[in-house]
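Consider the single chain below, provided in structure tokens and representing the form predicted on its own.
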Amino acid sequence: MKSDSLIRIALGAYLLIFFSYLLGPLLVMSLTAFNSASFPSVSPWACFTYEWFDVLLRDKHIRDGIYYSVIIGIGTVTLSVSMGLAASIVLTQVWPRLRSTYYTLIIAPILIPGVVLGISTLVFWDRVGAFLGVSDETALYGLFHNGLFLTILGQSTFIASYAMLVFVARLQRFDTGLTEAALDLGATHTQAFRKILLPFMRPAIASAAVLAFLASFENYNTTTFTIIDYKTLTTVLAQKVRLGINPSISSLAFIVIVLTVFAALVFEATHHNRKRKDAIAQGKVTPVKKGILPPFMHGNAAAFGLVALACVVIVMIGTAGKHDPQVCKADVREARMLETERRIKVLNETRALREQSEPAESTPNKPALAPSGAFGGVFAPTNLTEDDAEPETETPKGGSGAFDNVFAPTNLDTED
């Protein structure tokens, strides 16, 4: 029993540390979105405010970045899902001896750094345009040098590999006998694909589309080389981080987190409700009688979380227009001024006490100079005054110098 208790305590501590490490930064960043301090911080807390959400909505660069990120994401999803689905189908149909080689070629873009993919995409399509003799005035020149077009192509080169892995995992559970039976009954390959294979692949297509969009939305390494004149959200945020950020970035992160949690709760609540309906249809579960709560909320924790999150968001939106942090900001400024004055007063008192406890030493003829500087005042001009200079002494004839003064001019006097 003691060993089981220790294992449970250790497992609980590990989970607590793991989720704190995983979700702690997100929680801290969310809190900084509501602090009135000009730099993202939680401590010291100034005032509760919604002003950074307004700053975010009025930021044109952020709006343009989100707009172009969505456009690139849609294009990348379309191209990546199509190529990934085709590659996965070919992988299941290719000759077994070539399957490993083909799989390696398809997976290779994942192993290549995004910087290399971005530069190679830019150079490749520029060379293609030069090979085709495209001039500056033609439409193809604008296409081959368009940042959106090049970014979609550059991102799709490796995102299609991720999509293919999702499709391959789904195809491993597909019964190829269904397609063969349809072909034997007179169906064409197109009809077999549209009626049998495509419905089976719909969950994988949805998963691959979400994965491709998220990978495109957050990509930076490839995008920074191919975007040219446009800006995505990641490139805008990277520029803001270099030049200085404010809590409006935290408000954007908070919105993204809320949307992600909302989508996850909607999916989980819908999935749970579908399972409950199937169980009722099969007679495994009795229908719940109508009451205060809607039927889909009975035993559905995700539905409760979804309703609670929606209520919190509605309350925040309703109070955002009425909440005025100006009074709190004035109090914070006044408190900071008083704290600054107090620190200056303490510093002056400490300096005065130090001067009284350490009286300056002085000489009878001149005031003492306190040693200052990196070398303690050894280069002070008063160090070479006449009073301190040593009296000149006459150099003796012999016994000094490197050669015992044998070259001294007095050695040749007539008296000697």
Partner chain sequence: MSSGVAVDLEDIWIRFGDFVAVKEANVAIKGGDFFSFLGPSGCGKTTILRAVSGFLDPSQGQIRIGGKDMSGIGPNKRPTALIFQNLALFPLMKVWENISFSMEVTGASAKQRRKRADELLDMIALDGQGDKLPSELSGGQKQRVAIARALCANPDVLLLDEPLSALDLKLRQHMRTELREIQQRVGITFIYITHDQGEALTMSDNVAVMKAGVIDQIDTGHNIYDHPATPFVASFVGENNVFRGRVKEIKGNEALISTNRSGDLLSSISPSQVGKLAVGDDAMMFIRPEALQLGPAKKSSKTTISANVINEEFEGNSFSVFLEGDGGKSVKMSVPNGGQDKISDRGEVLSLHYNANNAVAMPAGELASE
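Bear in mind the structure is a predicted one, so any value in this text is a computation, not a measurement. Positions refer to the first chain, counted from 1. Basically, rigid core = biggest C-alpha set you can superpose within 1.5 Å across the two forms.
Keep in mind the form predicted together with the partner chain is missing from the figure; the text below concerns it.
Trainee: Which one, 269, 236, 209, 196, lies within 4.5 Å of the partner chain in the predicted complex by heavy atoms?
Mentor: Checking each option against the partner chain in the predicted complex, the one that comes within 4.5 Å is 196.
Trainee: Consider the chain as shown here, without its partner, and state which of 191, 92, 101, 78 has a heavy atom within 4.5 Å of the partner chain in the predicted complex.
Mentor: Of the listed residues, the single hit is 191.
Trainee: Looking at 140-148, 309-317, 180-188, 322-330, which one sits within 4.5 Å of the partner chain in the predicted complex if you count heavy atoms only?
Mentor: Checking each option against the 4.5 Å cut-off leaves 180-188.
Trainee: Please tell me whether any heavy atom belonging to residue 175 falls inside 4.5 Å of a heavy atom of the partner chain, as the geometry stands in the predicted complex.
Mentor: Although the partner chain is absent here, residue 175 would touch it in the predicted complex, with heavy atoms inside 4.5 Å.
Trainee: Does residue 262 reach the partner chain in the predicted complex, with heavy atoms at most 4.5 Å apart?
Mentor: Looking in the predicted complex, residue contacts with the partner chain do not include residue 262, since no heavy atom lies within 4.5 Å.
Trainee: Look up in the predicted complex whether residue 200 has a non-hydrogen atom within 4.5 angstroms of the partner chain, and give yes or no.
Mentor: Looking in the predicted complex, residue contacts with the partner chain include residue 200, since a heavy atom lies within 4.5 Å.
Trainee: Is residue 99 one of the residues whose Cα moves 2 Å or more between this form and the one not shown, with the core superposed?
Mentor: After core superposition, the C-alpha of residue 99 moves less than 2 Å between this form and the one not shown.
Trainee: With a threshold of 2 Å on the C-alpha, tell me if residue 189 counts as moved between this form and the one not shown once the core is superposed.
Mentor: No, its C-alpha moves less than 2 Å.
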